[in-house]
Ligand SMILES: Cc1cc2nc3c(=O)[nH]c(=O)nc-3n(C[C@H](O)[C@H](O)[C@H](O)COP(=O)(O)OP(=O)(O)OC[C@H]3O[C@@H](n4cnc5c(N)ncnc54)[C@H](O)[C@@H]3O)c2cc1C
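Shown here is one chain on its own, the form predicted on its own, set out as structure tokens.
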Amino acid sequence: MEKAIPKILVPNTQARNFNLAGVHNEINPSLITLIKEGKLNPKPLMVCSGGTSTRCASENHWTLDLRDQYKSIKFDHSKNEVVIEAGVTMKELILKLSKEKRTFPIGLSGSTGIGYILTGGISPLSRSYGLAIDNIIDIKGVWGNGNIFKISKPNLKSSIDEKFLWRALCGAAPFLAIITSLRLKTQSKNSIYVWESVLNPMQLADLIIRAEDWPHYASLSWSWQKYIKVSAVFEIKDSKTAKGIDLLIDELPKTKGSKSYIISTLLDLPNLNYSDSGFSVERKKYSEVLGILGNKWGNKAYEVVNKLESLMNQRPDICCSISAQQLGGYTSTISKETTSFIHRDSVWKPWITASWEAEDHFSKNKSLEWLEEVWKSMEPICPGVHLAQLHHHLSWHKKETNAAFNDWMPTLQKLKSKYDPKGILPSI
């Protein structure tokens, strides 16, 4: 009888189909020994917390699946802080916090794990509360050299080394350590007013310019697929905010089919994915996503949107898309020296999705070429990269990491050589 080839059931379709060397379900002494002795082969070890990224698994590699054994969520009522283990999804976190009338700036999906937080974490609430990494208080885990650690957010008495380690873990943790738990600051839970619509390209450009002057409690997201679907989020903090929201809503495009409503958590945000855009996908799809970062577009928004319209008309697969999420606000007030998210002046995070039918290599190549063409077109206005996904298996991995970390890269590489000398975790 042939030995069964291990697979892993994860949300990411491509990762789900990889044939694995095996799966570890916990960080036990035997795994620590393998790590310390550098005997875990082939390297690197893939780490799965939510399973939404293709790099939670890889062909013939080992995966450390944290989703079953690391599920604790403990809320500290005295400090309004929460400690979550590495297998907790953002949906589970928000549902727990809602019971305490608290919240956390999660992203547009509740299915992501703590990888969302550790790689930066951009939320519709980031303009008010910062990135997810800005709300971390303590981090526990295992360095790539096998040593167990706990580190707290630096203060005035912290050493340079402590500040460097904290900065590295907040935005570049997947290269250095396996994180087992986080202590997080939480925020008061407020109702959220949502406006959604389908716009034409000119209306989108107009709205992008207008949104760049919005107050911190408002943010815009959009996704260009078969249609241009937009979603504006307004946090209702008090009666003054509610009046301000009314004024902003009055200035939004008066389009047929637009609607507005109030939700209690970000889990109830409208779906911006292609599956909700008026067409169905009958065959299994694979995809890769690249997130880029840039400052205000201003009047250049018209030129950018025109370019995007041309590129969307050339997309090789109906599921290829270009989307964006708004930043700025409080996020831009935090020094770039505090975390590995150095692009603090960013106002927009567009992300480009290349999609193709599973096992169709010709279609894959065409879609990835299209992704690179969109990236090249947008690079002058969006020179940064947000490493929410890793792409070691693709030719432009080095380019994206350099664009993500810039002059912070040499220090990260030094830390990598010290804390993961045997390359147990992905290379930078």
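Quick caveat, the model's predicted, so the values are computed rather than measured. Note that residue numbering begins at 1 and tracks the sequence as displayed.
Omitted from view is the form predicted in complex with this ligand, to which the following refers.
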| item | value |
| --- | --- |
| Touches this ligand in the model of the complex: Ser377 (any heavy atom, 4.5 Å) | no |
| Contact flag, Gly113 vs this ligand in the model of the complex, heavy atom cut 4.5 Å | yes |
| Touches this ligand in the model of the complex: Cys382 (any heavy atom, 4.5 Å) | no |
| Proximity of Ile228 to this ligand in the model of the complex, heavy atoms at 4.5 Å | no |
| In the model of the complex, segment of 304 to 312, 121 to 129, 188 to 196, 248 to 256 with a heavy atom within 4.5 Å of this ligand | 121 to 129 |
| One residue of Gly291, Gly144, Gly294, Gly107 in contact with this ligand, assessed in the model of the complex (non-hydrogen atom, 4.5 angstroms) | Gly107 |
| Contact residue in the model of the complex, chosen from Ser58, Gln389, Ser363, Gln69 - any heavy atom within 4.5 Å of this ligand | Gln389 |
| Candidate site Lys153, Thr331 and Leu415: all three near this ligand in the model of the complex by heavy atom within 4.5 Å | no |
| Sequence-ordered residues of 302 to 340 touching this ligand in the model of the complex, heavy atom within 4.5 Å | Gln325 |
